[in-house]
Structure formats: C-alpha cells, structure tokens
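To begin, one chain is listed below as structure tokens, in the form predicted alone.
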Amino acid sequence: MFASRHFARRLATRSRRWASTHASTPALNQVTEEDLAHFAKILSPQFILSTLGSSSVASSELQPFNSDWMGKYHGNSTTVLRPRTTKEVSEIVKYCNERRIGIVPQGGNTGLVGGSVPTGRGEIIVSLGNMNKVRHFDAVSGTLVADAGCVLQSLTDYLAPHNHIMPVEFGAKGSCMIGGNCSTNAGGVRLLRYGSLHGTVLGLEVVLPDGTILDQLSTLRKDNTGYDLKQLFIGAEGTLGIITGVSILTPPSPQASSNAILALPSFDSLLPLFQTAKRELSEILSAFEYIDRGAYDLSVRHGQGRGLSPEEVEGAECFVLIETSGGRREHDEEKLNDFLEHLLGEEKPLINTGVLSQDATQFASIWGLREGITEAVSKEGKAYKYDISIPLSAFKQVVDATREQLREKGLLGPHAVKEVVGYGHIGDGNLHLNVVAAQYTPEIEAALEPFVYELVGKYKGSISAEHGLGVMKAHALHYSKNEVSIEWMRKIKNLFDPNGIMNPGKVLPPPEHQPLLANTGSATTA
C-alpha cells in the first residue's frame, strides 16, 4: 500500500475594439433616452446602469461589463440592464426586437473569446446576475432547477448538504454562472466522468429574440417527443436567445476521492499511461489532466501549488494529474494502489516519480497546481489562448510547432513571447495552448493566426473545444465546419433572429469570410 507521500521509481494594448458593420445583419439602432424611459417601466432604477439620461452614471461603472476579465476585449455599451425575472427579460427582449437594438447576454463574463462583450454595434448588455435563485431540487433523482444567473460555486455549496455535486467544474467556478456555462457548452475537468452539458442538461427556459418564453424546463431523463430544441441553445453563445433557467442532472457526491501527480520521462508515456488508467481504474477514474513541463514550472513559480520537489521533477518532460472518485474508500484505495504498483513493476516504467495525496490539504494543493495555471499565465504576461480539440497524440507536436513558428519569426524571447505552454483534458482531447507574451502586438497575432487554425485543420480538429467561438474565432469557423454546415447555421440563426439583435458579431462569420474586427490599436487575441 502507498501510505507514504511519495512513490518514486520507487516512486523514486492594448485592446481590441470592433467596427459596427456586418454585411448579413440588418442595421441596429443606438439606445436613446426614450428607450431608457421604456426600460424604466420594466425595471426599477437601481437595476439600470446607463451613461445616458438625467440619472446617468460614469462610464467607469460600466467598464466591468464592457470588458472581459483579461482586459483584452472592450466594448462601448452605454446601458446595462439587470433583470430579476424571466418576465422582465422577455419584456426587454421584445422591446429591443421591435426597436432593433442589439443585446449582449452576460453572465459571469469569464469567457476567453469575447463572447459576452459588446462589439460596437450600440448593443445593450443584459446582465443575468440578479437571477440567482434555486427553483427546485429533487434529492431522489438529483435534478436541480436554477436561474441562469446562479454562480457555479453557489450551486455546488447548495448541493453539498444534499450529498450531490455539479457535473461541471471550472477554475472560474467562483464567478461563472450556470446559464453562461450552458450557452458556451463549457467542458471542464469533470467531463471525463460525467459527460458534457449536452447530456446532463435536462431542460432549459429561454427567451427567444422576439420576447417569447420557450419553456422546456423539463426534469425528465427521457423525452422522445420530437426535436430536442434545448440542444440548439447549448453552445449557441446567446445568439439564438437568452437562457434564463436551467434544469440539470447532478450526480451523488463521491464518498471517497483521491488524486496523484505523476512525472513522466517523455510525452511518449502519456497515451500508454492513459490506456492503463482507464483499464485499471475504470469506474473510479474521474480526471486525467495533462500538464507540460513549461505549464508546470509556470504554475509552481507563481505559487499555484506544488506537487513534487525540485529534485523529483528533474528529467520530467510532462506531468499527469489523476483523480479517482468512488463510493467506498477501501475499494478505491486498493484499485489506485494496484494501479501505481503496476506502473512501477513495468520493465520500462511510464513514470519517473509522483505524489499521492494523503489528506484534504494535499488533495487541494495538487488540484491547485492544475487549476492555477490560468492565473499563473496571467501573472506571467499577456496570454494568447487557444482552446482546441486535436488527437491526443498531437498535443506535444502542436505546442512544439507553435513555438518553432514564433522562433522562426524572431518573436521568441523576453522581448516578445516569453512562454509557449500546453495543458488540458486528456479524457476529451482538449488542449489549452497558451502563448504568453510581454505585450499584445500585431506581429505576434499575425504569426499565430491563421497558423494555429491551419494546424488544427491539418489534424481535423476543432478550433474551439469548450470556450466557444465568440468574436475571436468567428472568422475562423471554416477551419472546423464546412460550407454546408455554416450555411445551415446561418439559416437557423435567421429563423430565430431575423433582426439580428442577439449577440451580434458572435459565432458566425460574415458571408465574405473576412475578420469581424477592425483593429484600432495593437490587436489582441485569446
């Protein structure tokens, strides 16, 4: 048994702003003081923020809504509305559709592709943070019905006394909201165990672009009565309507959880290790996370956690975080220890060394190492983030090819790009390619795009695995979808939203396949 801490071989800006033209979208109108007067009939004054009118506020008060959390995407909306009920959302949307005023639905604003930020078309922002009530929970079936503005961590805390957990988990869980999670079809570290939101979401309540409330807030596991309309809104990023309520299946809390951080001598060990973990840990395997050496060092350097001592990481090319979750501690520990013993018993071991958590503090510290990479990257510099799906065997090749591309362009070094790192979810083929620069510059962006997208296309991958397209990747959709697919996406959009008011400029590229963005300074990407 591995009672000890170690098992070693013995387990020895500038910002980007947008132009207001879009060839396929009807012209949208700016918000006026008359519009504000109408909104005041729907919402109380404290739930309207605007730089217009006699009760105007300073533009700085709208800055958190007009900019993403990375400070990379910036809009110039004059008005933020904060409804508390679905009825209020419906009345707002109905009026905006009649007036042809663009709407940007916004949850926690934690995205990475500019999907929740205005694009300079005079949009209003509809912030759902005030819609934060749990409507119902059934402890027998595990179905939870909640407002779209419920913060993920709040839902996790609500479920804890009922011995259930949310099926999704993200580093931004303290800020992101369940409606936004569904709108972007966010994945996270639990997808290996519990699947995607396309499977765990049982029903949605959506306000359509004409103000109609589509109530599909079912709690049924099985409903084979025609088209499953809710699936259209999961991953649509608010372009087809505003999600106001979510019914989701929550799994029982694991009675026993453990994790380990493993140091691998070579990337070549990664896939055999994953195969072995799936075979030997089977039903208790809940996470299998990849961290390359650069990402590991970055996270440790910025104090995000520590799994191994400096001596133990020597000679390691990459790392894996494994988590197990099950119903009986003795059973799970036996399976995990047998797995680790098997790794060490190989004639050519797949791992150099590792640490197996022994208590809750160490468990959290190991996860902190992985979940803290995003924060570490932001502390190190300005990040160009590419969330992609590619074959597992290509993870290292893509990171190395991107680094070499920047080196050939003379951009690799402290003066420009400081780090090129990769990490992600092996269980679903999702690589997070992060390029950390001293500053955002047009030269770096030109070196990365379309190079990264073409690289993904070469592997028949997806340019967006879990963060969505937003405005960052809309122009690059053709690298992952063919013309027939894009055309039918347009038809769906036009059917639901003929006036083009819902989150304009996001997801779909303009017909001429030209970039949506007009750069007014050094362009930035994520």
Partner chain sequence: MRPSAVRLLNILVPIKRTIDYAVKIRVNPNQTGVDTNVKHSMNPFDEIAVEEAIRLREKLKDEIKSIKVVTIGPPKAADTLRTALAMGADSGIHIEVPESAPAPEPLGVAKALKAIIEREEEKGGVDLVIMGKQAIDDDAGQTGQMLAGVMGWAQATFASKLVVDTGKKEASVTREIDGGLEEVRCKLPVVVTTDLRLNEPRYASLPNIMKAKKKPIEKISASDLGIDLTPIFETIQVTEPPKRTGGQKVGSVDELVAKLKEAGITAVKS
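Here the structure is a predicted model, which means the values were calculated and not measured. Positions refer to the first chain, counted from 1.
Although it is not shown, the form predicted together with its partner chain is what the next lines describe.
Three-residue candidate spot 330, 351 and 359; every residue lies within 4.5 angstroms of its partner chain in the predicted bound form by at least one non-hydrogen atom. Here the chain stands by itself, but in the predicted bound form one stretch of 98 to 106, 164 to 172, 338 to 346, 446 to 454, 338 to 346, has heavy atoms within 4.5 Å of its partner chain. At a distance threshold of 4.5 angstroms between non-hydrogen atoms, residue 365 is in contact with its partner chain in the predicted bound form.
Its partner chain in the predicted bound form is approached by residue 312, whose closest heavy atom lies within 4.5 angstroms of it.
Proximity of residue 238 to its partner chain in the predicted bound form falls outside the 4.5 Å heavy atom cutoff. Not displayed here, its partner chain is approached by residue 306 to within 4.5 Å at the level of heavy atoms in the predicted bound form. Here is the short version: of 124, 262, 285, 148, the single residue with a heavy atom within 4.5 Å of its partner chain in the predicted bound form is 262. 355 is the sole member of 355, 144, 373, 152 with a non-hydrogen atom within 4.5 Å of its partner chain in the predicted bound form.
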